[in-house]
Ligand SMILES: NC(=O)c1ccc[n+]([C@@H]2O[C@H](COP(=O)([O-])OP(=O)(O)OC[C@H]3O[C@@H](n4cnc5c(N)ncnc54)[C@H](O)[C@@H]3O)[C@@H](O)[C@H]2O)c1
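Next comes just one chain, in structure tokens: the form predicted alone.
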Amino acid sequence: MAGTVRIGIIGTGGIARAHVNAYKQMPDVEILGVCDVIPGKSEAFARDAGLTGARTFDDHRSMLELDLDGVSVCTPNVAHHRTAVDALQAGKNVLVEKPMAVTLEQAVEMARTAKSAGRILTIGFQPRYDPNMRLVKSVVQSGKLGKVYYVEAGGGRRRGMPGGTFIRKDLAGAGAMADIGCYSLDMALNALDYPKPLTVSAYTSNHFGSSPTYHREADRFEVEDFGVALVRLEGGTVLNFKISWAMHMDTLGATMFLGTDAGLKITPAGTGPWSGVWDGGVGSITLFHDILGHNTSSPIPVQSHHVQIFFEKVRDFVNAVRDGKPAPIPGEQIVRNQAVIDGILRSAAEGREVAIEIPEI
């Protein structure tokens, strides 16, 4: 398509402002509509963001009657599914913020709707645009590691618990697993070319979120602030996955890919209470090889993580809409990410290993 790409925004929380700021840097994009279910909120958002030409709505279905090319879904997690499906059925391309949905069933319906509608459904995993993440995938896919049989991944915050909608089960669906866990899962699974998950055995807890000593909204904290899982993947690889919003520890450690010929270790950037979160950047990448007692390790140069990865995410969506390209981070792929989170929560609740079954899209 030629000309201006016309965009609508559903949801006006903090993440919506980041989307608007990215779109406003693009001369070929016009934001035509803004929607929020809370009366008056879309008007205030549009005014504060300087969107003088945008119409405002309290119902996303009314906004979808506009002649839009694409929609950013920036709602709480619980509304990702309905708003995305409605937008796709209305013929709009969709960029939905992470996590993709609340349940596996919702994610599957979203991907199926995109396929049947012939529209883009892309998921907002901006760490994909970190050049270091791309480097990690290229090393894993190059065959230098040989057969990758074990992956250990997952970041942790020392005291990075959010509040509000993030801690309500009915709005968020899950806690740390969905909030930052989906990023770490994507880092590991994308490097492996997204193999199908088969089973998961998991444990979750919320010792810190539910304690008034550590959280000011402890009486309303309903989700997990810590989780660990062993995930079996097709092809004989196993993933040891862990995530934390709060802990008495400085880090949950590096991400590691162990292969039959070499190993790869990736450390997170940053220090302090927010260190170890993979959307915060890569600190170092090292390739290891050990044979007959002779160990060699080769540091791989990393690029500065202070790159506009959020802008790149939104720009890629616009380019795909304008040029008729496939979804940059397709929903059909991220269904497998959602399936792991779904399996973790089921396994933790049942206290046993569970099978992961993903329907055909």
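Please read all numbers here as calculations on a predicted model, not as lab measurements. Note that residue numbering begins at 1 and tracks the sequence as displayed.
Quick note: we don't show the form predicted together with this ligand, though the next part is all about it.
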Here the chain appears without its partner; judged in the predicted bound form, the stretch of 333-341, 7-15, 347-355, 21-29 with heavy atoms within 4.5 Å of this ligand is 7-15
Would you kindly say which of S184, T255, Q126, Q106 lies with a heavy atom within 4.5 Å of this ligand in the predicted bound form?
Q126
Answer key, this ligand contact in the predicted bound form at 4.5 Å (heavy atoms) among T204, N93, N77, N190: the residue is N77
So in the predicted bound form, are D36, P99 and F166 all sitting within 4.5 Å of this ligand, heavy atoms only?
yes
Residue contact check: T122 to this ligand in the predicted bound form, 4.5 Å heavy atom:
no
If we define contact as a non-hydrogen atom of the residue within 4.5 angstroms of the partner, is K41 a contact of this ligand in the predicted bound form?
yes
Is F311 near this ligand? Define near as a heavy atom within 4.5 Å, in the predicted bound form.
no
If we define contact as a non-hydrogen atom of the residue within 4.5 angstroms of the partner, is T83 a contact of this ligand in the predicted bound form?
yes
